[in-house]
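Listed next as structure tokens is one chain, alone, in the form predicted alone.
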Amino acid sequence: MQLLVTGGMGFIGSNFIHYWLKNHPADTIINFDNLTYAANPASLQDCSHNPRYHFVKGDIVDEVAVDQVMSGTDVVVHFAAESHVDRSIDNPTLFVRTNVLGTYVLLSAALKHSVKRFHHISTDEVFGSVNRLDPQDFFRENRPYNPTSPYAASKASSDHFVRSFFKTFGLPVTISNCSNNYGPFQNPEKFIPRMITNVLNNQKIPVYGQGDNIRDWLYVEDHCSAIDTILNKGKVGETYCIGGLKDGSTNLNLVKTVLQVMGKNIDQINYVPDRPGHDDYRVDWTKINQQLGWTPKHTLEEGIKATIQWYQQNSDWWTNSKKEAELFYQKLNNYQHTSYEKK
């Protein structure tokens, strides 16, 4: 079987490629990636000589390039997306271009080439926010969409396009809405690797507001196994929510867990003004568990320990990305400060 993986040089995509090559030795993978700031070719350097792995540089909004790379594809696993809420606040247009138009271009090519399965990786953020005071309020597959950031809105739109190609044209699709991923190869601009690398660099850990926002955290290897389960057992046309915890965790509790594992204390925390559109997430993954038999294998503490160990052992991988992330956050903080003054 031949898989087309979009955005395979990114965090989740690169982990998925490692996972699939290891667990499906008869399959080949074409990695189609535009090598934006979020991509890191070093993440797949060990695959470069694998005859079952091929990299093609290209943009998912380029109809000609997508048509060429789609030829001969059996399964599409679509990761490619602009995926950072803070960056969507800074540049919403880019998110519409990549996440909405890019998904449409891929769907059209998949339909033309009679792809057997188009699996779309989405986010739990399309649902908006749960009521943090209600422990029974979870994101579930039938929850109405209520995106509150440009990123979430762009992903919600792409979800609707995927469903429309199933309903209108009969394209065999599945969708997964996952919670916050963490693990190896994640850009240091994201919350958990930023925490870890800040501690390794003897820097403070910035925490939005009072750190009381609720999150669900999913170790990336568990996410890869969930996608594998959906591709092999999932029902065409269905959506599956993927989460890693049962009840969610506050950002502050997560920070304390990281600090404890790394032998640090809460003096490392620096509380900063909250960001616009800051939601709360709890994910109910009952459907994929009961219908397909999937369950996450890693507890939060196990996943955090493994992630910390990876960043400790791979400083060459994240050093340059760390510098870029800090420049971005400096720009974002200046922008938000100006916005607050205008209000």
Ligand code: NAD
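Each residue number is its position in the shown sequence, starting from 1. Source: prediction; values computed, not measured.
The following text describes the form predicted in complex with the ligand, which does not appear among the structures shown.
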Taking the partner as it appears in the predicted bound form, which of 299-307, 285-293, 27-35, 42-50 has residues with heavy atoms within 4.5 Å of the ligand?
27-35
Between Thr239, Ser88, Thr73, Thr98, only one gets a heavy atom within 4.5 angstroms of the ligand in the predicted bound form; which residue is that?
Thr98
Contact test in the predicted bound form: Phe11 vs the ligand, heavy atoms, 4.5 Å:
yes
Is there a non-hydrogen atom of Lys190 within 4.5 angstroms of a non-hydrogen atom of the ligand in the predicted bound form?
yes
Answer for Ile121 alone: is it within 4.5 Å of the ligand in the predicted bound form, judged on heavy atom distances?
yes
Tell me, yes or no, whether Cys178 is in contact with the ligand in the predicted bound form, where a contact means a heavy atom of each within 4.5 Å.
yes
Judged by heavy atom distances of 4.5 Å or less, which residues of 46-73 approach the ligand in the predicted bound form?
Gly58, Asp59, Ile60
